[in-house]
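This document starts with one chain, in the form predicted alone, laid out as structure tokens.
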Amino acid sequence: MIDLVFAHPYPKRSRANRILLNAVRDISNLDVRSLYDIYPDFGIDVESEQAALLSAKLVVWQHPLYWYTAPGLMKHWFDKVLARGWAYGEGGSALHGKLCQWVVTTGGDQEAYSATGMHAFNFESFVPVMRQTAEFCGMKWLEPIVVHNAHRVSDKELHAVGRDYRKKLISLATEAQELVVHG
């Protein structure tokens, strides 16, 4: 029901992503696919990844922001798994109607992602690549969950975000299941 694609090159070093992942890991019908654990050599099993996506109603992309986008293996996953004729283009409707939730952590605080901050743009300026990837494949884009200043935010705050993340996924999974049952 939920396919959570997790892409962190150094997951043991990320307190924020670990807390967020642990908050949702035991949700029923959730499949966590930790790309850097499964594919350390970047040799993605496209059929397996596509099968996981097909069985899901909700697709979650969770990762840290790397150079204003997804880490390299996640980008490679997009290139291989979201294939023409399967995810988009003629005959490419496998993901149409699925919900897409982006969960992202950043090293900078909110001020860093402002017109006057070190990144010179609001965070919303970096959303279109991920959003368009989802929408180009016919998925329904949901408001992202963003944790700024991930390495400095307190455990208490991270656990609160984790609880909200969990509630949101459970709620979305319930809504998706009701749509399947009641059509």
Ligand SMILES: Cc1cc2nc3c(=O)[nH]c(=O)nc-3n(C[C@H](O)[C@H](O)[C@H](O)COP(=O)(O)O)c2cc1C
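Note that residue numbering begins at 1 and tracks the sequence as displayed. Keep in mind that this is a model prediction, so the values were computed, not measured.
Only in words, not in the display: the form predicted together with this ligand, which the text now covers.
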item: Segment assignment from 65 to 73, 52 to 60, 27 to 35, 127 to 135: heavy atom within 4.5 Å of this ligand in the model of the complex; value: 65 to 73
item: Exercise: Arg163 in contact with this ligand in the model of the complex, heavy atom 4.5 Å; value: no
item: 4.5 Å heavy atom contact, Gly97 to this ligand in the model of the complex; value: no
item: Close approach of Lys140 to this ligand in the model of the complex, 4.5 Å, heavy atom; value: no
item: In the model of the complex, Arg15 touching this ligand (heavy atom, 4.5 Å); value: yes
item: Answer option from Trp102, Trp86, Tyr113, Phe78, heavy atom within 4.5 Å of this ligand in the model of the complex; value: Tyr113
item: Interface residues of 100 to 134 toward this ligand, as seen in the model of the complex [heavy atoms, 4.5 Å]; value: Thr105, Thr106, Gly107, Gly108, Tyr113, His119
